[in-house]
Structure formats: C-alpha cells, structure tokens
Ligand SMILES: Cc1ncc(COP(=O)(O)O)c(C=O)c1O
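Heads up, the chain below is alone and in the form predicted alone; it's given as structure tokens.
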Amino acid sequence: MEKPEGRYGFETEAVHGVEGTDPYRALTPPIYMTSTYTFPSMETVDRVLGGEEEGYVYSRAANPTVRQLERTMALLEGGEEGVAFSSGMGAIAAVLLSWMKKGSPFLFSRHLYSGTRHFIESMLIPLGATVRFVDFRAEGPSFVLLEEELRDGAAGLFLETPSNPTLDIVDLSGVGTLCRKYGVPLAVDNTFASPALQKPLEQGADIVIHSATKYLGGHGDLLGGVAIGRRETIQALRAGEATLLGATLSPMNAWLILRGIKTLALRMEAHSLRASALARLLSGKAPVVRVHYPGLSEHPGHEIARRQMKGTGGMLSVEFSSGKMARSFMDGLSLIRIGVSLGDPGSLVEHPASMSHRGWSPEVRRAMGIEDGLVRMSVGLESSDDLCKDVEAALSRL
C-alpha cells in the first residue's frame, strides 16, 4: 500500500491492510486454496529455494492468503514480520518451544489463560523446563521481585494484559524496560485488547501473540493465531516451530480473519462502550462482591490502562460471594449465553471454576486469583439497554 507520508491511522490500515500477490488487484483478497505450487523450470526451483526469488513451495510453510494476513498483522501491531497459526495455542506453543533452545528458566505472570497454563504444566515442565510464576500486577508494591528473577537470567518472560480471566493490568513499559536491561525477551498475549486498543511492541515487547479466533476474526466462526515481532525472530520461528509443528492456518480462515480485521476498530470501540456500561451497572450492586474491569476508576490498574490502552475492552469479570451464587446468576441470564471463548458479536458468560479452570483444585485456582464466585463476561455488540436489562433481571432472581 503506497503511503505518501508516514503511516495512516489504525482504522485506515485495518481496512486497507497490505497488498497481496493477486495480479488482478481484486478489492477483496483471493483465497489460494492449494496445498502445493508448481515451477516453470528447475532454474526457478533453484532461485526460489536458494532465496534469490520470492515464491511459494508448499502451503504448510507459506501461502499467499496467509502471508497477506501475516503482513497485515505486522502492520497493525507495528512489527516487522508476522507468522500465522491454526489457533492461538499454536502460536503460544511455537513461541514457548522456541525458547527451549535457550534453556531455562521461563518466567510467567501469575494470571494466564487456562490453555497456556495447561501447556506449561503438560508440555514445558515434562520437557525439562524450569518455570517460575511472578506476581507483578499493577497493584503490587513494585517490580522488585520481577527484577530479581530477571537478574538471574531467563529464556523469556510471558504475560497477558489485561489478563484472562481476572483482568489484571501489567505496566508494559515498566516490564519492557526491565527485560531490555537484563536481555530477557518479552512476549505479550494481546488477545483481550487487540492492536486496536494496545500495541505492546511499542512499549517494549519483543513478540506479540494473538488468538485470532477472538477479536481479530470477531464473528465466532474460525480458529487462528498469529505472532508478530522483529523480522529475524519471526523468520526463525517460521522456519522452525511454525513449519515443523504443522499448526498451519488454513487459507479460508486467513481470509475470514482479514475480513474481520476491516471492522476491528469499530467493533472494539463498541465492545468497550457496552462493557463499560455493564461494569458500572454491576459495581455496587448488593449481590456483587467485586467487579474486575480496568475502565472503572477503582480498578488497581486503571491509571496504567489509561496510559497504555486506547480503550478498556469488552471483557470484564464479576465476583460473587460463592460459586453457587455465580452459577445461579448465569442461569438467570437469557440474552447473554453460557459458553467459553470471547470476542463474538453475541455476549457470552463463563464460570472459570466450573469451565475453563475446572481441572485445578480450588487452592490452585485461588493462587491464580480465581475465586469460586468469579464469572467472566465477554460483552458483545447487542444493545447496551438490552444487556443491562438482562443482567438486572438475573441479579433480581438471586
């Protein structure tokens, strides 16, 4: 895409993305549904495989539609290169396994998506990785504990902000500064915010990861993942883990994600407005113990979120006094449906203790910051009035 001076605004870049390889310059990118590619001559084979000429060999390694998504995500996140995967966990697994080459330990924030935590416990640790969880949320006294861990050296630090499902906020600039000081690569799962609201690479991260299943696709009809960062880092990831693990994104899903990205900025603004309305409604209600939403002034990470995010997103968690009350609240909803995942046009609600984090004991869940009374809400694009009425009706039945 020709740019006369500097970058366009995010909304414009999301709509126009980057030019693909279609010789007909179709407005909507074509879907290259092919597993392999042919060559006019062996000389061309030598040039392509020797790196002298750009080309495609086999779609597990690269595909024109998938490449257009990867380049578009690099543009939107402010990175040099991107690599796509068949799911968010594919991206997370590839990045973490690539760190295995550097040895141990691995550092993680305490609050993580359940799939990431499962991968750590079921794959990384049995493979011999030393893993340490560090609590450095915004409400913590300082980054003293984190700096001590970084000073001892690490293969990498992985975090989420806002975190899933507790909506904790991490000071990205502060963590990024410490990681650079001690030469530790920083990977940030930016799924909850999306590049429309937050750009970790601009605040010190080395790699940004997304479950494209969520806000990037935005319609609950696909699976996908992507990692973005410096060219040399992503090229090594593509040549190694991305290709060899086989977690390849399909061209059809890449096309759907590209389509979803065109409306990402508008959707994230709408999600944020509706989530803010629900958070304000729930805050202070008698049956509610606590509302976790960075858009609320009482949230411990509110000021940091205001500084590093363009909006506070469509995710919130509400805490009740018991798991029984949390489940009763969910059963009382009619418009908002029970289900895992997030980022869809339709609002969803889940009970981590019974669903995403069911496999851990109450003690372990509590160490993750997940109480039995916690309910996670993915606020969709329905009318704010209708969402609020649905929540008020469910509360009235408790």
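Fair warning: this is a prediction, and the values are worked out from it, not measured in the lab. Counting begins at 1, following the sequence as shown.
Omitted from view is the form predicted together with this ligand, to which the following refers.
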query	finding
Partner proximity in the predicted bound form: Y215 to this ligand, non-hydrogen atom cutoff 4.5 Å	no
is_contact(G224, this ligand) in the predicted bound form, heavy atom dist at most 4.5 Å	yes
Non-hydrogen atom contact M89 with this ligand in the predicted bound form at 4.5 angstroms	yes
Contact of S276 with this ligand in the predicted bound form (heavy atom, 4.5 Å)	no
Proximity to this ligand in the predicted bound form, single hit among T72, T312, S317, S211 (heavy atom within 4.5 Å)	S211
Residue (of E241, D189, D168, E77) lying close to this ligand in the predicted bound form, criterion heavy atoms within 4.5 Å	D189
Proximity to this ligand in the predicted bound form (heavy atom, within 4.5 Å), stretch among 89-97, 243-251, 291-299, 317-325	89-97
Sequence-ordered residues of 329-364 touching this ligand in the predicted bound form, heavy atom within 4.5 Å	L342
